[in-house]
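Only one chain comes next, encoded as structure tokens, the form predicted alone.
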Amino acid sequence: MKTFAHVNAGSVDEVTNLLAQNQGKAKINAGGTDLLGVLKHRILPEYPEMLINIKKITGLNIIEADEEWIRIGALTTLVEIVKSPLIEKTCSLLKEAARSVASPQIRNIATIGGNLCQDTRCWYYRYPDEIGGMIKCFRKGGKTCPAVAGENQYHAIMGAKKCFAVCPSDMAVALTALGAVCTLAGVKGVRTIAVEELYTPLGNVLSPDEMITAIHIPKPAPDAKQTFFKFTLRKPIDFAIVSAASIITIDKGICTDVRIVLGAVAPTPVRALKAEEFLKGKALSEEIADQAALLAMDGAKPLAKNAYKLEIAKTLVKRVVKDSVVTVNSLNDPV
């Protein structure tokens, strides 16, 4: 690693002021599970001159609720989310998403804020500087995305512009399905933004002086069925090939409300809006699930080596719909 200044920040204001003063040359460190590897391999086009440790800031690792919202501080670890009785009771799909991330060792230190802000996992972007020098992809000042004509097995099949790397965050997929919003703090004040609007085809919308301080989740309806599925080559550790999160409400056999979100298919979490609109007002069945799966893939344009993601995504959409039907039927079965 190169040398850098290290600051233990005592408050959110101190963090945002340091970020502003360093004009993009400072990085926030929480769990460090992603950042330290990035620094070690000199992946970033410009090496940071300062690391700001935020782990000592009080009040950012809390899980609490009122009548309408569940609040999770940005420093809350994934294992704390997995073990939280409140999350288990109200947001079970968030628990499943957190439990699917990496290994127990990683979940013990990785934070929800860090998971949302982690850098892309594209192997061209992450090509180590010590092995022949970094690859000048579009995110690093190049003019093209090498994955388009190269090894693109794990890259985007929809929504990509100039860069085809996918959003690696499992928590973003789950939180988008739950309709969550983020609180962002900066030198100009505090603002909120929906998690689904946090990402762009080239990263996220945080200003250089901003940090995530909390995530707010509207309390789901008690009878809504929540589901999270993640397809990987190896169950532990691996990032998603495709993931799907859903929250579906069924009243008297009819779907009255639904949100379905796909992960690892685009640079952002993807709402399956056409599938959602199709499902509303219908009695869910295997045939309806098949049609919804096709609609969820509307507009997909796979690259040469990742068309297989289409079938996986369709299968996961079918599963989240069918799982809701099975659950509702089991609840209605006489004991």
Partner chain sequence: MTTTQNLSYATITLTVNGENHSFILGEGSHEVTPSHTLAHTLRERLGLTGTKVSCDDGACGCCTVQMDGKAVNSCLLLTVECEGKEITTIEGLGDPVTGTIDPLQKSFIDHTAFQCGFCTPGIIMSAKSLLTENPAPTRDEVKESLAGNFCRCNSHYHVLDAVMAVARKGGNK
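None of the values given here were measured: they were computed from a predicted structure. Numbering follows the first chain given and starts at 1.
Heads up, the form predicted in complex with its partner chain isn't pictured, but that's what we're talking about next.
Annotated contact segment (heavy atom within 4.5 Å of its partner chain in the predicted complex): 98-106, selected among 177-185, 98-106, 212-220, 255-263. In terms of contact with its partner chain in the predicted complex, the residue from Lys83, Lys89, Lys140, Arg191 that brings a heavy atom within 4.5 Å is Lys83. Among the residues Ile250, Leu206, Cys117, Val79, the one placing a heavy atom within 4.5 Å of its partner chain in the predicted complex is Val79.
Contact annotation: Asn53 falls within 4.5 Å of its partner chain in the predicted complex, judged by heavy atom distances. Contact check for Glu277: no non-hydrogen atom falls within 4.5 Å of its partner chain in the predicted complex. Contact check for Asn29: a heavy atom falls within 4.5 Å of its partner chain in the predicted complex.
Taking the partner from the other structure, its partner chain in the predicted complex has a heavy atom within 4.5 Å of a heavy atom of Leu36. Contact annotation for 231-246: residues with any non-hydrogen atom within 4.5 angstroms of its partner chain in the predicted complex are Pro236, Ile237, listed in sequence order.
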